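We begin with a single chain expressed as structure tokens, specifically the form predicted on its own.
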Amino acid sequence: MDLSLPSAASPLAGRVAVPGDKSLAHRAALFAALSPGESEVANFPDSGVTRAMRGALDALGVHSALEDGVLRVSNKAAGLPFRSGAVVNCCNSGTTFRLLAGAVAAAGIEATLDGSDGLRKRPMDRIAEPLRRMGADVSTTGGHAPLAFRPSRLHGIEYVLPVASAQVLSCLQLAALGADGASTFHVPGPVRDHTTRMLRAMGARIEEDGCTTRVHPLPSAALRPLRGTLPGDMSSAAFLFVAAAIVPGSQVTVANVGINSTRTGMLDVLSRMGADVAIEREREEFGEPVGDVTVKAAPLHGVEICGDLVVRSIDEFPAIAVAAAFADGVTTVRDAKELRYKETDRISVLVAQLKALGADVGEHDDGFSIRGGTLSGGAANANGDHRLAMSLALCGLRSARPVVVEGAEILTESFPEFVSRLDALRTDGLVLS
């Protein structure tokens, strides 16, 4: 499918909602499977990555039902419910793979975790090596998937993560729930704390002190079932916020969106670039901070993005790059080498596709630089990356010539409602071919 967004003839305006947070949805489905009883989770997103988690759990013997955005999971087992001997296809979802690896290690069963060709290229020694230190009998395939687990028992460890990764920490936290003693993990910088928040809400004992986390084994009472509503996904809302920021006169509000401080880096970036960002009706849902976020267009200027701000906006850089392409001056991103290990090498692919659209953009080992006002339009390719598909399409809102994104059907992996949500904010329509 090719996607082309015609240049916006008038400001974008309105109030919309976005599907539930995918990072939280992964955890909700898995943690519900680990808790005996009935769990019910509303605003659960139905996308490729969440289907990957549900399909993986189904392969492990835990079934779920999704109807009208409500996920229901029933676990009648007294302990961890997974069946042994399963070969689990995690598709292209790295989150599914890494979180499940920790849960499978805690269960002490035989299982093989595998996935798509793209997922097989992603580094997995970063989870396998600490899991082995905990006693897991796990082998990789040249440091990559498939991962083969054999029955084993885990013990508590103290471990320093070499990279600040929420997925790696979450994997180890889940494994630690099944160990015979407490585990302490030190992270070299701030990471998303969704796993800690949700597990605590379910009864797990997890202590935090700065970037150090201590996880105690799960008691015999296990986790409490989940009941609640997922906040809207900041990673999906990001595309609507950038659209509002680059189209003059626009004002867009996304209601009930998650505003966990580990996920709001892109809002800080837009604010630094000159956009008007406001948060109202702050509250908590599902143990997570939630609010209504409004972005108003204003003249944008280039900024430098590095350090902790990168960690807090790591998934939003394709969208941030679009804002930079229409800003005055140069935007430089550093300390973002982790982007090379996403669904694609997001640094090299993003740079290549923006160049194809005429942008003056340079690649660095750990980031990129974009000179605003140089993007002219043309044809680009999503390269099998859902975030890249939507970000490149946004360029068409302001480019001098139309932008056509080839392979845009991949956007259904994370935000199937992208077209309809954006269409609700404008009156001149979208073009799909």
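It should be emphasised that the depicted structure is a prediction, and the values quoted were computed from it without experimental measurement. The first residue of the shown sequence is 1; numbering continues from there.
Although not depicted, the form predicted together with shikimate-3-phosphate is the subject of the following passage.
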Options 311-319, 68-76, 224-232, 145-153; stretch whose heavy atom lies within 4.5 Å of shikimate-3-phosphate in the model of the complex:
311-319
Exactly one residue in A166, A359, V187, V138 has a non-hydrogen atom within 4.5 Å of shikimate-3-phosphate in the model of the complex; which is it?
A166
Does R387 reach shikimate-3-phosphate in the model of the complex, with heavy atoms at most 4.5 Å apart?
yes
Can you tell me if R27 lies within 4.5 angstroms of shikimate-3-phosphate in the model of the complex, counting non-hydrogen atoms only?
yes
With the partner left out of view, is T95 within 4.5 angstroms of shikimate-3-phosphate in the model of the complex by any non-hydrogen atom?
yes
At 4.5 Å between heavy atoms, is S414 in contact with shikimate-3-phosphate in the model of the complex?
no
Relative to shikimate-3-phosphate in the model of the complex, which residues of 185-211 have a heavy atom no more than 4.5 Å away?
R192
